[in-house]
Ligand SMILES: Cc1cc2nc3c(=O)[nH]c(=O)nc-3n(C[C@H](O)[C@H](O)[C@H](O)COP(=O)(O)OP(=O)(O)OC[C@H]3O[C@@H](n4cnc5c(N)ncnc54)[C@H](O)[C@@H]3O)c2cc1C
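The chain below stands alone and is given in structure tokens; this is the form predicted on its own.
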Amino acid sequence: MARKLPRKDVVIVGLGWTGSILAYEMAKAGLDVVAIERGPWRDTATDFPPAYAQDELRYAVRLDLFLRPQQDTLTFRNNASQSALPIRSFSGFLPGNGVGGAGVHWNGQTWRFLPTDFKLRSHLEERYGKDALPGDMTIQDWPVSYDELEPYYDRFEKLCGTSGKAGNLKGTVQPGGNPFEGWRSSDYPNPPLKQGLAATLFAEAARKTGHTPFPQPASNMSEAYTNPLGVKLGQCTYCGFCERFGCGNYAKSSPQTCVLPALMRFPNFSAQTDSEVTKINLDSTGKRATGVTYVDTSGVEWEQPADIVLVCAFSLFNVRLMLLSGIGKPYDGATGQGVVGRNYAYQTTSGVSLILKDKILNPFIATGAHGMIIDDYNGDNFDHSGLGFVGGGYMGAGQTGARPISTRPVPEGTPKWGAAWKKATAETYQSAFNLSTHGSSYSYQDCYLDLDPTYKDRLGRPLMRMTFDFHDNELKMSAYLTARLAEIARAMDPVEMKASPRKGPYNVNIYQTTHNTGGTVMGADPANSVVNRYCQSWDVHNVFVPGGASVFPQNHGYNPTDTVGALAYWTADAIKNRYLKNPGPLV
């Protein structure tokens, strides 16, 4: 039987970006808050010191910061006719582990969604007709508009000290920025990062071919910065160890470098690490949460009573906790009925590799998010008439760090080992780089998450089962985007070039991205969503899923973190300004 702890006003499940933002806002409002985190505590000074933080073998290859399958995993299949099998080594995507979550090891690419992304179905049906969308595509409008979310995007970017150049200030297009972005109330808090030669050459080629390149928005500091919480970040050194690494220079935005130093000053906040929440507890009516139950590393079970439960874990585990807790009707992929687990989506990426003649690119000088990008083929920025697909993505030359173990570019036909391979690597390293596309992944009836009927975890609970594959719409989109990118690449006059559009089926053993979305979708109708426009459960009003990517109805052609952060602030304001004054359904 679980040991019962003293009651708290708020219990938070997970202490990554959304958990730390909500914890700060709730503690600042005077509430007694506890966050329960499955992984260990992580500090910049002690866990990511520059003396060993740039250890490629430890962090990028052996994945020291990431979730281990023996802690938790899920099963995977491409479609319902297959038997799902457990993922025994995370490689297709990499869930974080510990305080900071995925916010520790991300690149810092900080994108807003387009205004039309928030009304996706109605916009596409109005422009192309209802018959233009595949019958099994289950995309839907968001219950919140870009205009409503803009102040919260601005707030998150100021928290992070994002570097970039505005393309649309209060409705006026700005030279040098992204001309397709939605309006912004203010410019980025930091100027753009400096660009390397590869990105500069790409930008020149993009202009020659009629496109509009701009610097990628990056939460890597182009200058030293103090954020609104009074936390100081240092200028980036362009060491190239961002993705899969913690930043020892305090130069990449993360919960550790942006929120936790301020949060930990609150005496009414505490964190319980190395403890896994196993369920959200409900009262006898099933309409109100009474707190959570968790298990510590000794296997001891604890009950943490609380008035408000905030579900802030990684997107996939938000979905599983809701399913295990019996909150919301589980989704059935065969019938399309139910909501929890519905509209799982991913991201559709591809690339073009180049080798240039007589160029010294210094690819090791990098950050996780600097580079030159075009947005001409994202969302509905271009006419899809007659193309046979909807959706799109950004593309360009990002330089995230050519680290020595994983970066071994060689010309076609080079032996895969031996002296000739070593010689080709040395000759090619400085003149090779990759261009990439970052495309949308729309939702479908047969792509979903549910509880596996066969496999269980170390605590005897069903693993979550993922059923997903790329659809023709996404593969056609990837082929189109990759062909446009190859046209720009040819204008760079490469001596060798290879275009690699995304091909199916989806392979969970090949890394593509960690952008998993959907499953606890937000919406305006309880029939097709788990939470309302304030990320509040339709079924249990004191349970919120505040802004994790699990609330996305589909995934758009951008990285999710900026929207995740904006929704966290949006939800925090709804709780502080409305829910606390009159607890109950906000819609």
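All values derive from a computational prediction rather than experimental measurement. Numbers for residues come from their place in the sequence shown, where the first is 1.
Heads up, the form predicted together with this ligand isn't pictured, but that's what we're talking about next.
Taking this ligand in the model of the complex, would G16, G98 and T561 all count as contacting it (heavy atom within 4.5 Å)?
Every listed residue reaches this ligand in the model of the complex, so yes.
Given a 4.5 Å cut-off on heavy atoms, tell me which of 489-497, 466-474, 509-517, 78-86 is the interface stretch with this ligand in the model of the complex.
That would be 509-517.
Would you classify D457 as touching this ligand in the model of the complex, given a 4.5 Å non-hydrogen atom cut-off?
Looking in the model of the complex, residue contacts with this ligand do not include D457, since no heavy atom lies within 4.5 Å.
Test of understanding: in the model of the complex, would G391 fall inside 4.5 Å of this ligand by heavy atoms?
It does not: once this ligand is placed as it appears in the model of the complex, G391 has no heavy atom within 4.5 Å of it.
Does G291 reach this ligand in the model of the complex, with heavy atoms at most 4.5 Å apart?
G291: no contact with this ligand in the model of the complex.
Hey, in the model of the complex, is G103 touching this ligand, heavy atoms inside 4.5 Å?
The answer is yes: G103 has a heavy atom within 4.5 Å of this ligand.
Taking this ligand in the model of the complex as the reference, which of Y153, Y344, F317, Y331 has a non-hydrogen atom within 4.5 Å?
For this set of options, the contacting one is F317.
May I ask you to choose, among D452, E276, D376, D380, the residue with a heavy atom within 4.5 Å of this ligand in the model of the complex?
Contact check passes for E276.
Which residues within 62-87 place at least one heavy atom within 4.5 Å of this ligand in the model of the complex?
If the 4.5 Å heavy-atom criterion is applied to this ligand in the model of the complex, 62-87 yields only F66.
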